[in-house]
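Next up: just one chain, as structure tokens, the form predicted alone.
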């Protein structure tokens, strides 16, 4: 069976070999053509209400880095927008590229951003668990936030400062007292459409809420950072010779690129990119508030 990933031999072009739904009618991500979106006056403002105490762990699953939240009760929820009822926060994770030109999954009028944050929720009013909800057409709600190159984001440092502890696939660490609202832009205006998970099993169960305003992130600011990402054996040597006070100023996106998609007993391989290209719209409507 295909061990899916983002390399040439197991990347998105091959996922349909094991997951036929990859060719389905509501696959994600998409290229949002702004002139073709439809204004819908019935769409309400978004209302994220997150409890920092619900954050539990940060982990590297080999495909991305994610922060997991306690979703046993309605501590952290998303309501409003295109949603009917309450959607409970499950996790946040990131997608990025090997350079700053592309890394987001969604595109806007053909333009890709450097990275993309996904805030994943499930319909806790209708379903008893995330696993059950993920198989229903209205089971999940994912809020997407674009990251564009600019000033370093001090809120994002709360995550990137911990990435050294989970660099190897399978590693996890405690991660508490974190409110993902700190990573949202000032404006919560959005586009919305019906889509799917962007990673296998690609289930068509997601109500997508793509925020129109990006947040900033800083990228590599010295040549050695690119070496860290491309040559792990040399990069780590150079990295730890640099004072910790300087490392934070040098990287944000580069720290994501230095994560490993391999476990301790495997040859080290950096996760330089982890995004799926835009999929055909196939007649779906993209609405905006």
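What you see is a predicted model, and the numbers here were worked out from it, not measured in a lab. Residue numbers count along the first chain shown, from 1.
Omitted here: the form predicted in complex with a small molecule. The next part is about that form.
For the options 178, 208, 146, 190, the residue carrying a heavy atom within 4.5 angstroms of the small molecule in the predicted bound form is 208. In terms of contact with the small molecule in the predicted bound form, the residue from 133, 215, 83, 120 that brings a heavy atom within 4.5 Å is 120.
Looking at 86-94, 155-163, 72-80, 180-188, the stretch with residues near the small molecule in the predicted bound form, meaning non-hydrogen atoms within 4.5 angstroms, turns out to be 86-94. Heavy atoms of residue 198 reach within 4.5 Å of the small molecule in the predicted bound form, making it an interface residue. Residue contact with the small molecule in the predicted bound form: residue 114 places no heavy atom within 4.5 Å of it.
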